[in-house]
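Next up: just one chain, as structure tokens, the form predicted on its own.
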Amino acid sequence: MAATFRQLPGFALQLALTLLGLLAVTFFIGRVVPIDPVLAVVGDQAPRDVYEAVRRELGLDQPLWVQFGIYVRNVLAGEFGMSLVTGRPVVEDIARVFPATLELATFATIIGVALGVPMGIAGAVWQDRWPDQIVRVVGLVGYSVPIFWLGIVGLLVFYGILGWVQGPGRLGVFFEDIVPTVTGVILVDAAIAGEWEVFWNAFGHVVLPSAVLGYFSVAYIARMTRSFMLEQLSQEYVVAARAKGMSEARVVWVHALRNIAVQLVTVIALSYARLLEGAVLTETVFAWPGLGRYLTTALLAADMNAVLGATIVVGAVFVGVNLLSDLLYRLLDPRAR
């Protein structure tokens, strides 16, 4: 444990260098795309002197290395510029939409772990028997069916026909602006305010989109868990434990599962990071005001400040989750220290 904490400065340096590389990539993407940021601000009918004044104000008349330095300084200060679509600072827009994606991704990951891990273990224990066939079919469908089609069918059946869940959006129209924003996650804010009617309405809205996303997370986690568990169940220590008369449940759920815990942490972390980057199609189908939908709208409107700001957030999420999973790997597995 002490050795792991001594490595934290190295982790911090690695994080800083990775984020610097991310900033360099997003900076040069912003320079090579065929979109003039000055024209995006002033319009194509602006006089030449206005164009040049805005160009100087944005620092685009400076050498490229100076522009990169200004870009890094602004990002570190939390300044991503103004969004052309909303007319607000991009950092405010991201702070507004990211909690919605966080809420959706967290529910989907919980569903993926709660169902995917037991299904993967069952598939490995009963390899080539009917439980394993079910796990394979679930995985195959999860990787094959378009997520937008599954979302539309889910809305038609569970909202339109059965009425078991709420419709698109995060909250019903009559419940908007009742709960003060504390965290941005409506379920948490409603619980803090004691507005349980708002809470259950928000829960009814998040169930279906998180279930759709969670299904694909189940398919991925179950497949990886099955693969990891099959490898462990063929190891000599498992054969020895069975020969000593140890119960099958203890062999599987204590010894074998413990040895795949590190790998599972990495798989779950990467799955969560993918969902946090914004499930574009799911958020579009369910009119979910999250990061993926915000990024798509910005791309269609050629709003490069919003695109680059959201891209930096997505990259930072991946970097952070990867480094966190690496740290957990070292904490869980003494051999990695």
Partner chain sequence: MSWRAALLSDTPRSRQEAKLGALYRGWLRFRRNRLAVLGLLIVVALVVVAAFAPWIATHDPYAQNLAQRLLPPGSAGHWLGTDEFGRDIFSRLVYGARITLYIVVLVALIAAPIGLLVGTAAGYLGGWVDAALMRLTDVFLAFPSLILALAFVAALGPGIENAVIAIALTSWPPYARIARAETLTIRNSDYIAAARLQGAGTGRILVRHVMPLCVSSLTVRVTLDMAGIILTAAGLGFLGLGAQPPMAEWGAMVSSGRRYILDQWWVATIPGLAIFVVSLAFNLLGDGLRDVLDPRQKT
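Just so we're on the same page, rigid core means the largest C-alpha set that superposes within 1.5 Å between forms. Predicted, not measured: the structure shown is a model, and the values here were computed from it. Positions refer to the first chain, counted from 1.
The discussion below concerns the form predicted together with the partner chain, not included here.
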Classify Val25 as contacting or not contacting the partner chain in the predicted bound form by the rule of any non-hydrogen atom within 4.5 angstroms, answering yes or no. yes
Contact between Trp126 and the partner chain in the predicted bound form at 4.5 Å, heavy atoms? no
With the partner left out here, check for me: in the predicted bound form, does some heavy atom of Ser325 sit within 4.5 Å of the partner chain? no
Please check if Val280 has a heavy atom lying within 4.5 Å of any heavy atom of the partner chain in the predicted bound form. yes
I need to confirm a contact call. Of Trp164, Trp196, Tyr237, Phe148, which residue comes within 4.5 Å of the partner chain in the predicted bound form, counting heavy atoms only? Phe148
Can you say which of 256-264, 183-191, 84-92, 151-159 gets within 4.5 Å of the partner chain in the predicted bound form, counting heavy atoms only? 151-159
Is the partner chain in the predicted bound form close enough to Gly78, Ser217 and Tyr329 that every residue in that trio has a heavy atom within 4.5 angstroms of it? no
Is Thr284 one of the residues whose C-alpha moves 2 Å or more between the shown form and the other one after the core fit? no
On a rigid core superposition, would Leu308 pass a 2 Å threshold for CA movement between the shown form and the other one? yes
Residue shift check between the shown form and the other one, rigid core fit, Tyr71 Cα at least 2 Å: yes
